[in-house]
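What follows is a single chain, given as structure tokens, in the form predicted on its own.
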Amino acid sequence: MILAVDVGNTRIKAAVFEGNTLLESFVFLKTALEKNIENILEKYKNTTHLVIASVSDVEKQAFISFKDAVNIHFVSQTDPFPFVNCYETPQTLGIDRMVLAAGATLQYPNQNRLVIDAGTCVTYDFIDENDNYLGGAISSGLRLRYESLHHFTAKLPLLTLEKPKRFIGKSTSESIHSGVVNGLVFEIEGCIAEIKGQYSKFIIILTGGDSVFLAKRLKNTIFANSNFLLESLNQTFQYKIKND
């Protein structure tokens, strides 16, 4: 069994895999890292590998404390990946984006793929049918948009995510919800339209914490999978074992 762990900006997502089968997934705060990992390993005693992506030095030390219980692997840019990295600054490409690109390459072979990860930030990553990672885009996620309107203005309130009641807001709160949610939906649709101008066929994979909320509002046909990064992390590690 493999315990795959993705450390985000505020939360940690984890999942236990038997081969390619996801047995159970977990979400918890970074402050509760060690206790939750301990509980998962206690529940799934046959876990042999702990595979981690996107960690700081402080978090690495917390994970290393489990080295006597499982084999630990921190995914890095020096690992083998199933695509050619054509990024002009490959050393700056985030591990989370590389893992998502790897998952798209392995799960959807011989196709053009666009992966959209809607979390704290929204990342767009494109891998062509020849398994070349071409790059993408990064923008603010829904929560950051709400927070920036509050923090960088004098009077706008800090709101939490809510489905807009109407497009033309009839109050300040309604206007903020419409601007934040519809603004990101239009951005995603615009990105897809731009790529369609260059590639006639490609699949779209939407993941991240806000993927379910956004999927209901997008017109394009997409594969929405909130666990895609964890699945990709598991597959990336299996690819490493086979190709090291």
Ligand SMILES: CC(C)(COP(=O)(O)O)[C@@H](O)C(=O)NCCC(=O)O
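We number the residues from 1 along the sequence you see. Just so it is clear, the model here is predicted, and its values are computed rather than measured.
Although it is not shown, the form predicted in complex with the ligand is what the next lines describe.
- Remark: open binding site. Placing the ligand in the predicted bound form onto this structure by local C-alpha superposition gives no atom within 2.4 Å of a backbone or C-beta atom.
- With the partner omitted here, the stretch from 117-125, 68-76, 103-111, 167-175 that lies within 4.5 Å of the ligand by heavy atoms in the predicted bound form is 117-125.
- Heavy atoms of every residue among N9, Y87 and R97 are located within 4.5 Å of the ligand in the predicted bound form.
- When the ligand is considered in the predicted bound form, L156 lies well away from it, no heavy atom lying within 4.5 Å.
- With a 4.5 Å cutoff on heavy atoms, L93 counts as touching the ligand in the predicted bound form.
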